[in-house]
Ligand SMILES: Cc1ncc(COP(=O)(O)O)c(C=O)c1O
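Given as structure tokens, the chain that follows is alone and in the form predicted alone.
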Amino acid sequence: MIIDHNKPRLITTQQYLESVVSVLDRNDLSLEFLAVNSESAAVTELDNDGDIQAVLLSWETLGDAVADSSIIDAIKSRRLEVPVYVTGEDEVGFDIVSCSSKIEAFFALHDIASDPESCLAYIINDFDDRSETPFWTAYKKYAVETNDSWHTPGHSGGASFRSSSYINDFYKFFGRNMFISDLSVSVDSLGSLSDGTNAIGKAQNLVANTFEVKHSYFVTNGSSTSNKIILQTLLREGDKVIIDRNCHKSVHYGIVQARALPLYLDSILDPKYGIFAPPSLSQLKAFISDNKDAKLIVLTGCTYDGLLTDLKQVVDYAHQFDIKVFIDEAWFAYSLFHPQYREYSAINAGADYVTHSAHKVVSAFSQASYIHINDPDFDKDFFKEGYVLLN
């Protein structure tokens, strides 16, 4: 999407970029250019068109810095992941970029006119980087190109099913790709969940960057396991942990396994609707004030009935007493990326540990889960002990 208040220049910029699409020889991409000449029109298009992947904003002058910055803020408040590129006069390029940390790159106006190919190629290269799938790409390549199997599982790419007179219908139902893709940790190039190496490690790093956290880990046993991994990492025998009584049972089990001391917050029942609300902020603050030596607070980020908590207040208050905050956000993994829900996101609120059930509300197979970590005191080596044992 191209944004420029100057209509003649807007049309010209679009024509320059459209003229070099064929030169780039990217038949794998469908490139379309949308030209708008106002902030309101840009916001409307962003709200209605999820396929917009980049914005090119014409920065009028340094005197209009506030107005132009507000356009960028409006874009980012709706689609945080969409990069914003800025065009302007070359001599003030550095000053323009200094006006906002949300600018992806600056193109001088004369570059758009004289070398639109390089400008468009730069934007497409950024798109390629954002679209990178290091594990899936390597995994698919290995599965398709490998003709034999010298590692578990014992069906050897489906051969034992395919050759059987009794169970070959199992092979026919799922198909060849299912079986040749059933691999073990023995494929070193794909990496290991235990070590976070190679393709798996790269994929986890990309997830961490996407979710704006320091570390992300894949878990294949569901968020029940993710919850227990975090609790066994953080808690020791006798540690106090402030917990929502209505938390998922895996949280209760994890606390028992760690031999920690739970301090239960009241679950508030709404008799009219027959659902439980999150604990009250006043009670939570009272618990913290009475138990300043508590090690951890555990809350459900979005209840199973869809009720939300203002987690920013919780996190800020807990951190005043050096208490870590862990949010089970199993049903709310999309919150960070939705303009209406971002303010309720545990990650946006500054929680130290967050679990997401990828299989529940984003695209993943059953039991796929994420652990996200922003704790500045994170003990990676100790975490890995529980991660390897339970995952």
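For every residue, the number given is its place in the sequence shown, counted from 1. Remember, predicted model here, so these are calculated numbers, not experimental data.
What comes next is about the form predicted together with this ligand, which does not appear here.
Stretch-level contact analysis of 50 to 58, 33 to 41, 340 to 348, 326 to 334 against this ligand in the predicted bound form, using heavy atoms and a 4.5 Å limit, identifies 326 to 334. For the options Tyr122, Tyr304, Tyr253, Tyr273, the residue carrying a heavy atom within 4.5 angstroms of this ligand in the predicted bound form is Tyr304. A heavy atom within 4.5 Å of this ligand in the predicted bound form is found for one listed residue only; from Ser224, Gln232, Thr309, Ser216, this is Ser224.
Taken together, the three residues Lys7, Thr87 and His110 all stay farther than 4.5 Å from this ligand in the predicted bound form, as judged by their closest heavy atom. Mapping the unseen interface onto this chain, Gln204 falls outside it, with no heavy atom inside 4.5 Å of this ligand in the predicted bound form. By the criterion of a heavy atom within 4.5 Å, Gln367 is counted among the residues contacting this ligand in the predicted bound form. Among residues of the shown chain, Arg162 is not one whose heavy atoms approach this ligand to within 4.5 Å in the predicted bound form. In the predicted bound form, no heavy atom of Arg26 sits within 4.5 Å of this ligand. In the predicted bound form, Ala330, Trp331, Ser357, His359, Lys360 are the residues of 329 to 362 with at least one heavy atom within 4.5 Å of this ligand, listed from first to last.
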